[in-house]
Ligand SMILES: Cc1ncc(COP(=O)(O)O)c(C=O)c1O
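A single chain, nothing else alongside it, follows as structure tokens in the form predicted alone.
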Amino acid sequence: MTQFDTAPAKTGDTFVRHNPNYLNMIFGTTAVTPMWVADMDLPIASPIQDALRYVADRGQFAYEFNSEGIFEAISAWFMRRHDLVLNPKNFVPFPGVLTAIALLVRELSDKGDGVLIQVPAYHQFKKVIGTAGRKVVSSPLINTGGRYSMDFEDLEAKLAPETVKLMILCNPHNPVGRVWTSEELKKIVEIAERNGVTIISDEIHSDILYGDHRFTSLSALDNKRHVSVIGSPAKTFGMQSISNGYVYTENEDILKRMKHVEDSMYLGHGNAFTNFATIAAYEKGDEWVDAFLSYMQGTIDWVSEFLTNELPTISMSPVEGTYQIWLDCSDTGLEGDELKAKLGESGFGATPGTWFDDEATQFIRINIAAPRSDIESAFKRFKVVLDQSAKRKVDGMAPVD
């Protein structure tokens, strides 16, 4: 048994993942193994818990700032884990990654401008763009046998109009699990350069990598004109409710403007619990992350084998990064509301693919950051319901004597 085989005890219904109102709304039942929200159902690293206890036990919560210590810890982590040199002075803190992206969209474009995303894409990107009064421009990824790649011709065409000012890149990509290579990133930077487009790179999953796949940040490409980098310890360490987001850019103009936004709106005061937890995570979290990635790889291997042997009508895109799995249910014959109904009937709490792309009616996304026994039992129940559904269809088509 490992430290990840048992989920922490639930203390109430305020966890979004387990909230009965959300489960009823999405799946029509609360009898669900929730694998939809991209957070962790696992105990966090002990150094983070120790830091939180330390802050609580002091019994004093006066004004307290340590942004320099935070950015030095993050920079050292990225050097250690990704051989990436970051200047601690080029970070700007914000309450969260989506907050940072929303403010960048507003700062670097005007109302009515286009902002490109590559679909299927994290569904909140559309909200960030639309609520800012900008237009969503979609560039579909190319699906070749389950593995996704960028459509550079489509990108060139979609980024060409003068009204398209920004592109939101997701690397590693949520939900399809690609870790974009340096060659792919260089191509999109070249296209963006040609068309005067600024790339906002969401790199929150940068530490969740498998096999030989390596993360390449856009900031590593020595392009200081158009690139902004977003990060947070939220995904890596399961700190979604106690973490900040960070903008990193070597573009002096963007850095100056985002520091002005942060200062003018008093967004950088932070929180002592967040600050101490973040430093503890990046300074002392290596061993925990390595163990976590090994556990996730084991779960991915189990899912792959189960699908091959027990559910061959469902295929999984290769998982290069993130702890999200993108499943193609096309061969089941189910899609849209019918597929959603089967998810609810079996208690298989996956996210419908249409959250990420209106055309992905036969796809689902699963978050595997939970005890493996939960994932296994959920897949086995899903198989039972799908087998029963397939049998009813066959029986319904049988000739009557």
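Owing to the predicted nature of the structure, the values given are computational and were not obtained by experimental measurement. One-based numbering along the sequence shown.
Quick note: we don't show the form predicted together with the named molecule, though the next part is all about it.
Asks: Work out which of 108, 97, 188, 303 lies within 4.5 Å of the named molecule in the predicted complex, going by heavy atoms.
Replies: It is 97.
Asks: Pick from 70, 38, 26, 375: which residue has any heavy atom within 4.5 angstroms of the named molecule in the predicted complex?
Replies: So the residue touching the named molecule in the predicted complex, by this definition, is 38.
Asks: Please pick out the stretch from 111 to 119, 166 to 174, 277 to 285, 82 to 90 that is in contact with the named molecule in the predicted complex, where contact means heavy atoms within 4.5 Å.
Replies: Looking at the other structure, the answer is 166 to 174.
Asks: Counting only non-hydrogen atoms and a 4.5 angstroms cut-off, does residue 125 reach the named molecule in the predicted complex?
Replies: Within the cut-off, so yes.
Asks: Contact between residue 235 and the named molecule in the predicted complex at 4.5 Å, heavy atoms?
Replies: Because a heavy atom of residue 235 falls inside 4.5 Å of the named molecule in the predicted complex, the answer is yes.
Asks: Indicate whether the named molecule has at least one heavy atom within 4.5 Å of a heavy atom of residue 205 in the predicted complex.
Replies: Contact check for residue 205: yes, within 4.5 Å of the named molecule in the predicted complex.
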